[in-house]
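Quick setup: one chain, the form predicted on its own, written in structure tokens, and binding and motion questions come after.
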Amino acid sequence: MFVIERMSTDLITALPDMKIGQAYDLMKERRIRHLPVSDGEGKLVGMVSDRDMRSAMPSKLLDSDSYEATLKKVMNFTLAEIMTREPVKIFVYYTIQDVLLIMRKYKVGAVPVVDDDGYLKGILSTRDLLSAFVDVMGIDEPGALLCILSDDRQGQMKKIVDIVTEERISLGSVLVSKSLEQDRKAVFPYLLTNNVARVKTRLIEAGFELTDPMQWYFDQLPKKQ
């Protein structure tokens, strides 16, 4: 899945000379946490986040008069003075997986999308990513998540899929994770049915071990000394 399929294109942007006070009101009114800053022709020149806004605000330790006086000054500065120049950006042809790695690396909650010439085309936030994965995994449809423990060798996944298919159950998605046990893996099929008793029995008869998905997760956490 590519960025162009999931990015938000209903963009709210600002110019570098917008006053911080105006931008603050705009972000509050439109309930957004990231504001791309572009030049007059739409080329990305910076990014302002709600964190940037908070950092610019005066300390609440100030007395009331000093706070108000400082706040008034702050609100009259421009975005150019607080925006992140050369922000982390992505391109429309990046995949969602690319973006996940980028956002984790740079610890950002949203990234502007630009074309090869640097013109702003959209923005992709963690909310957009979550929505994309909900759609991909099919977990917005009623169903059941299984946790199947299997030997880590070829052919096991096919056996699982064959059993599910023979039971005429549709697969919403399948995730695979390495287990803490050597040469073992955990398979998480999301089945688009709540009637899973029979398929569970067949999986056990085929030699697989089933466990509660949440319990498996807790078992993988580091143990306290």
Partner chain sequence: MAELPAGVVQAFFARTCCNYWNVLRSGRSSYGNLVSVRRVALKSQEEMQLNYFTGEQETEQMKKTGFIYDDTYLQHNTGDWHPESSERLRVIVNGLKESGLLEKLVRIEAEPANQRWVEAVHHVNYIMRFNDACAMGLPDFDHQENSICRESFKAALLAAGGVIKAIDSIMVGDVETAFCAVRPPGHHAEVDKAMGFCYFNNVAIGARYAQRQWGMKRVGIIDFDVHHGNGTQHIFETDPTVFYYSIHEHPSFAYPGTGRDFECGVAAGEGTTKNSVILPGRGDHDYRRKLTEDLIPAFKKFQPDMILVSAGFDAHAADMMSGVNLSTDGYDFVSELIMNLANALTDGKVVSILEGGYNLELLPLLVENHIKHLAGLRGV
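Numbering follows the first chain given and starts at 1. Model, not experiment: these values are computed from the prediction. Between two forms, the rigid core is defined as the largest C-alpha subset superposing within 1.5 Å.
The protein also exists as the form predicted together with its partner chain; that form is not presented, and the subsequent description refers to it.
Participant: Just checking whether residue 25 would be counted as a contact of its partner chain in the predicted bound form - the rule being heavy atoms within 4.5 angstroms.
Facilitator: No, no contact at 4.5 Å.
Participant: Check residue 61 for me: does it contact its partner chain in the predicted bound form (non-hydrogen atoms, 4.5 angstroms)?
Facilitator: No, residue 61 is distant from the partner.
Participant: Give a yes/no on whether residue 204 approaches its partner chain to within 4.5 Å in the predicted bound form, heavy atoms considered.
Facilitator: Yes, residue 204 is a contact residue.
Participant: Given that its partner chain is not shown alongside this chain, does residue 168 nevertheless sit within 4.5 Å of it in the predicted bound form, heavy atom to heavy atom?
Facilitator: Heavy-atom contact with its partner chain at 4.5 Å: present for residue 168.
Participant: Of 53, 196, 45, 32, which one comes within 4.5 Å of its partner chain in the predicted bound form, counting heavy atoms only?
Facilitator: Contact check passes for 196.
Participant: 90, 147, 132, 110: which sits within 4.5 Å of its partner chain in the predicted bound form by any heavy atom?
Facilitator: The option sitting close enough to the partner is 147.
Participant: Given that the partner is absent here, state which listed stretch (67-75, 118-126, 95-103, 134-142) has heavy atoms within 4.5 Å of its partner chain in the predicted bound form.
Facilitator: Flagged stretch: 134-142.
Participant: For residue 148, is the CA shift between the shown form and the other one at least 2 Å following rigid-core superposition?
Facilitator: Yes: residue 148 shifts by at least 2 Å between the shown form and the other one.
Participant: Classify residue 66 as shifted (yes) or not shifted (no) between the shown form and the other one, where shifted means its C-alpha moves by 2 Å or more with the rigid core superposed.
Facilitator: Comparing forms between the shown form and the other one, the residue 66 CA shifts below 2 Å.
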